[in-house]
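Given next, in structure tokens, is a single chain: the form predicted on its own.
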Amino acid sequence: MSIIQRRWTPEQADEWTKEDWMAIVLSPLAYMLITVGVAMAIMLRPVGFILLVAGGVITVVMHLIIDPKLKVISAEYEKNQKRYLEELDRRVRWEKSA
């Protein structure tokens, strides 16, 4: 069993899991590291470049954690949206022909 789940069903992806909490913690951390890293790198401070790289690495890790779940949720939403629009189009055409 892996630490991070990579395969999701739409029902599983809709629930709050540890992957969501990991993203909640990593997101502001990455944002702060990148922001401070850019500011310090502009001043040519070596620690700024280190913080910038660390922020980039954390951003990639966060993406790897949460992206599979978001893709499943998005695909399910698009499927439901398509079905809704087809139903709406069918109803509108019926009303226009009456």
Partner chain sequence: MVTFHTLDWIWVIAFLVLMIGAGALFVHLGRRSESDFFLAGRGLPWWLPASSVYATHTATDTPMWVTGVIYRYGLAGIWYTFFSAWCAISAFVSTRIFRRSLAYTQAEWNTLRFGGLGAELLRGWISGWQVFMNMFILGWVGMAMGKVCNYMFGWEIWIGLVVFSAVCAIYVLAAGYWGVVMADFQQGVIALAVILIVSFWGIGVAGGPAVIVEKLGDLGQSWRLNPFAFTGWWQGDFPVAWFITMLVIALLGGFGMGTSIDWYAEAQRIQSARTVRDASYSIWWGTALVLIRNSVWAAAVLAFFVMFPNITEAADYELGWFRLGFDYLPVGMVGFFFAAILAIHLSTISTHLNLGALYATRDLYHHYFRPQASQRELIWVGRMTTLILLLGSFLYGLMMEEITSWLIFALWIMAAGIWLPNILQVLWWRFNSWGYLASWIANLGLSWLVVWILPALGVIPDLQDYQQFWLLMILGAMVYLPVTFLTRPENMDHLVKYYVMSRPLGFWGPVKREAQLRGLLGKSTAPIAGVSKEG
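Definition used throughout: the rigid core is the maximal C-alpha set that superposes within 1.5 Å between two forms. Keep in mind the model is a prediction, meaning the values are calculated, not measured. Positions refer to the first chain, counted from 1.
Quick note: we don't show the form predicted together with its partner chain, though the next part is all about it.
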> Is every one of I3, F49 and V57 in contact with its partner chain in the predicted complex, taking contact as a heavy atom within 4.5 Å?
Replying inline: no
>> Taking any heavy atom pair closer than or equal to 4.5 Å as contact, tell me whether V53 reaches its partner chain in the predicted complex.
In response: no
>> V38 versus its partner chain, in the predicted complex: is there a non-hydrogen atom within 4.5 Å?
In response: yes
>> Since only the chain is shown here, I'm wondering whether R83 would be in contact with its partner chain in the predicted complex (any heavy atom pair within 4.5 Å).
In response: yes
> So, in the predicted complex, is R93 in contact with its partner chain at a 4.5 angstroms heavy atom limit?
Replying inline: yes
>> Heavy atom within 4.5 Å of its partner chain in the predicted complex: which residues of 33-68 meet that condition, in order?
In response: I34, T35, V36, V38, A39, M40, I42, M43, L44, R45, T59, M62, H63, I66, D67
>> Aligning on the core only, does the CA of Y84 end up 2 angstroms or more away between this form and the one not shown?
In response: yes
